[in-house]
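This text opens with one protein chain seen in two forms, each one given by itself as structure tokens under the names structure 1 and structure 2.
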Structure 1
């Protein structure tokens, strides 16, 4: 690797992580205003966090909403990816564009359109509406992840299973699904993470439900306090934890498979 490559990537990492690092620093800074120079080390902002019932309540709500979004997103993404990678798929391009619609239409416009339609036909907004709308926005991501893995699988394995008399369901359950388990967990994680991160959809469809991002946004408009830093760092650490666990899982499976291959040789 040349020095230029290292320099470019180093600068890119600095740009991507600069705001995140600054947030982290201020969450340990012993001053109620966020200004340089730093005043000293404290954990009190984290202590405050655990006493703040609005934050904790919002966190529980966000977490409970994120779970079904992750599961539904992975399941629907699996169906969409199975279809789009199937050799017998007709209208493949049209279907792919349809799957990408929720990603490409501005979220504000989509959410307001959904809110208008729902209130016109008399459906109430709330947790259910929020879960469904977030699931739709997650589908492009989960489908892409799963389809990217599926196109790399060896189709002969499935054909062999079918030749040996397996029903489509059996060959799916015994041959395809085990190869997809890592991608499925990645899809679920993406769904959970995007749901936790969402603000725009919540603004229009949450109704009386108050996920964390809405509570933070309303605090944000009023004033900036360092306990918000601590809050954000906590959310970030949780996100990083989900990403890390998904990756560790992927590596362990990969190593397991390699070990298998070695044993067979």
Structure 2
């Protein structure tokens, strides 16, 4: 690997992760001003954070909204991936482009359009509208994850199940779905993470619902307080925990499959 590549990689890592490191450092700084040199080590900002009813309420709200977003995103993404990877479907390329449109359209434009649509159908701003809107944004990601796995699966397994008398539903449930369990878990996790990180859609569609992202943005506009650093570190830890649990689940299932193959041999 050339020095230029190493230097470029190092700069990219610093650009993406150095602000997070600085954020974590100042969340333990005893001073209320965020400046070097540090004044000492403290956990008081975390104590204030977990005693903040607004933060706890926003966190619970965001978590409850993220669950149906993850589930709906994985379910609809599964159906879209089945259509995209099906050799019998016509205009697959056009359908794939249609699925990716929410990712390509700027979020502000998409949020305004969604707010207008929700108003037109009589669905006011709130948790339900927010779940539906965030699910639409999540679908391109979940579809991509599941389709990437499906194209690598051996279609002869389903054909063999059909030859042995299985119905289409039985072959899907007993042959295809078990092979997609890890991908479905990853799609669900991506949906939850994207929902927790969303701000733009929440600004237009949350209404009286107050997810954590809106609370953080509101506090940030008023005053840059040290407990905001602790809040962001807590959210980052939660996100890392979701990713770690997904990876642990993936490796556990992979070990189970390898053990099953060894037993068959």
Partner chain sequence: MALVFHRAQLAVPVACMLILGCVLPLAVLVVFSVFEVDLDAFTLVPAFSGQSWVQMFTNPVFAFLIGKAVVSGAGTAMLAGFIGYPIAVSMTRLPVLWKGVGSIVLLTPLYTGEIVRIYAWRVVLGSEGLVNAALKWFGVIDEPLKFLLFSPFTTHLVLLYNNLPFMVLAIWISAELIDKRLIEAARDLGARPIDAFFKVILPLTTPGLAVGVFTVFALAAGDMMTPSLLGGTSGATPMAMIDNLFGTAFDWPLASALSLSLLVILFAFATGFVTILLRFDGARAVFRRGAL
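Since this is a predicted model, take the numbers as computed values, not measurements. Under this definition, the rigid core comprises the largest set of C-alpha atoms superposing within 1.5 Å between the forms. Positions refer to the first chain, counted from 1.
Novice: Given structures 1 and 2, which represents the form predicted in complex with the partner chain?
Specialist: Structure 1, which is the form predicted in complex with the partner chain, differs in this respect from structure 2.
Novice: Quick one: core overlaid, is residue 12 moving 2 Å or more at the Cα between the two structures?
Specialist: Passes the 2 Å threshold, so yes.
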